[in-house]
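The chain below stands alone and is given in structure tokens; this is the form predicted on its own.
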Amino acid sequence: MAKSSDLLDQKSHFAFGRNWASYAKLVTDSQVEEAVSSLTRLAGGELTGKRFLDIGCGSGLHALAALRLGAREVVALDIDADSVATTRQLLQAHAAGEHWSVKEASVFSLQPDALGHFDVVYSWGVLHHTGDMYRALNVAASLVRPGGEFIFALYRRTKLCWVWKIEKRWYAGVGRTAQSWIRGAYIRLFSLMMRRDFKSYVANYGQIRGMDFYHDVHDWLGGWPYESISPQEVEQLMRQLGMREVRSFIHPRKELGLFGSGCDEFVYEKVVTP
């Protein structure tokens, strides 16, 4: 895909932060618990005593989950000022007195010399929106200490990814009225496809990482820049970066991608060299 003219400029990206600021107003204890459960599944247990980096912190929900799981320090970063403000507000409300910091930064500006290395680097559904996914993966992996883990989720490549690239670029650039119209059309078509299961699906959506269906639809339709990748390509790249797979959660095979592409989830460990 064509790269963003300025990958460090948040103006070249969809306004994810506004969406997550709206979502954060809906966060309940139940959603925090679901986020903790989701992170526990990916991390393989607690994070007691670990240094945790959240790249693309969004609402701050999973930075909070890391603290609930015992992380000794959480550093949360996002290129979007609204996400930074929302994350800071959430952590001040629910994790006052704990060891955390929130900063506005692009993944492409991160350097181990400045930040140090982390026991866990976490980036869920973020790096495919940077404008240069492969470079972003390289940078994020460089921040993992030897023996540490890189936890990330990326969109699965489908046959219709080229269509979604066009849609996302358009959606991110139009006004709220047009966005509302296309959101309504998408939800209507999705509900027709789901039929009787739609209401149940939406009602239980909070069990997916503690998220909200309608905010996620806005996030999906507007997620520009956009890239996708196959699990095989992830494995090849991670091996080149000196990482080995610990666990993964791969969606059942999706080829067409009519309503979009779900995220495959990966956990890789940085190999300790003799």
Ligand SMILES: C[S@@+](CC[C@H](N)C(=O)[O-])C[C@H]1O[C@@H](n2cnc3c(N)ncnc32)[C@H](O)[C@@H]1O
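Every value quoted in this text rests on a predicted model; they were computed, and no experiment measured them. Residue positions are given as counts along the sequence shown, with the first one as 1.
FYI, the form predicted in complex with the ligand isn't displayed, but the following is about it.
This chain is displayed alone, yet in the predicted bound form one of Glu227, Asp212, Asp219, Glu34 has a heavy atom within 4.5 Å of the ligand; that residue is Asp219.
Heavy atoms within 4.5 Å of the ligand in the predicted bound form belong, among the stretches 129-137, 165-173, 68-76, 183-191, to residues of 129-137.
With respect to the ligand in the predicted bound form, the three residues His13, Asp80 and Val107 uniformly fall within 4.5 angstroms at the level of their nearest heavy atom. Interface membership of Trp100, defined by any non-hydrogen atom within 4.5 Å of the ligand in the predicted bound form, is ruled out.
The ligand in the predicted bound form comes within 4.5 Å of a heavy atom belonging to Trp124.
Contact between Trp20 and the ligand in the predicted bound form is found at the 4.5 Å heavy atom cutoff.
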